[in-house]
Ligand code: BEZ
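In the form predicted alone, a lone chain appears below as structure tokens.
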Amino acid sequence: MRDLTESNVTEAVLDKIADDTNPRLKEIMTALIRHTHDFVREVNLSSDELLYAARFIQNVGQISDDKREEGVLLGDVLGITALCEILGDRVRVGATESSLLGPFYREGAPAREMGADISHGDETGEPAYIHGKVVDSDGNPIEGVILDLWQTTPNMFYEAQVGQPDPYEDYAYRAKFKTGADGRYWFLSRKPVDYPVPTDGPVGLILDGTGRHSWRPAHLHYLVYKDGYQTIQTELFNSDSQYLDSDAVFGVKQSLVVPYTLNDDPAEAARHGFTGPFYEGHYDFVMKDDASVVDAEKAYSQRASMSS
């Protein structure tokens, strides 16, 4: 038996990792232990502060449910998610850049007919026609691509959030669309709006305590996937948002900023089913070949839900 000291406690913990531990798990745990112990030494962390941190993590779990992932939001506001996506983009060069999944992704969005109004006739906010195509790295259209997308309602809430002030149909402002032979997609919605991330939970304490605002620039979330191609997880941001340079969760990339153009042509409005001027947003996604991607929807569902 040996007494633990500041100088040997780290090695004592590392010695407990079994030799037959999965190599990747061993690499992660070794680095986690070393860096965490260095952090404790650097800030001279007290036992009370450690207990507070444990309670904080406990509260993150308690406020989370199938419609809100506070743990994801925690990684987002600390910039950890953004860093992981930046590192991941190294193997996605040539494809549409990635961005954050966010804490309000929900599995089970219904498949809708191309051109559907994902707002279900919501008359608040500003009408929008959003369209584009999905192509490969040579610019050829890709058929059979699923676009799983979601956005906030005009009241700045996702439809699943507790306490939203307006009654929206379940899975409003969410949909799955499938491209045809021309690779095109198009749908109707309301122009995305800036909104604040939730501050009623533990993450709000971080933002408030460090003098940070909680606002995100207006955006649409997309998962774009098809077997044989790398899945795209990204967000498209309104070019006129005032928060592009101060996103609370660091998700903005220049290539993902989209202008929304006001279209006041009555004939065009009538063609899309609008009664007056509407905003038009356009974006083309580029997918990169990857033969290892098989059953992409199931694989992403497991990844997003952390199921086995």
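Fair warning: this is a prediction, and the values are worked out from it, not measured in the lab. From 1 onward, residues are counted along the sequence shown.
Not pictured, yet referred to below: the form predicted in complex with the named molecule.
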Indicate whether the candidate residues Asp117, Tyr168 and Lys191 are all in contact with the named molecule in the predicted bound form, with contact defined as any heavy atom within 4.5 Å.
-> no
For the named molecule in the predicted bound form, the stretch among 98-106, 126-134, 141-149, 85-93 with residues bearing a heavy atom within 4.5 Å is 98-106
Of the residues Leu236, Val197, Ala175, Leu223, which one places a heavy atom within 4.5 Å of the named molecule in the predicted bound form?
-> Val197
Non-hydrogen atom contact Tyr158 with the named molecule in the predicted bound form at 4.5 angstroms = yes
Contact between Val249 and the named molecule in the predicted bound form at 4.5 Å, heavy atoms?
-> yes
Within 4.5 Å of the named molecule in the predicted bound form, which residues of 71-87 have a heavy atom? Give them in sequence order, or say none.
-> Leu73, Asp76
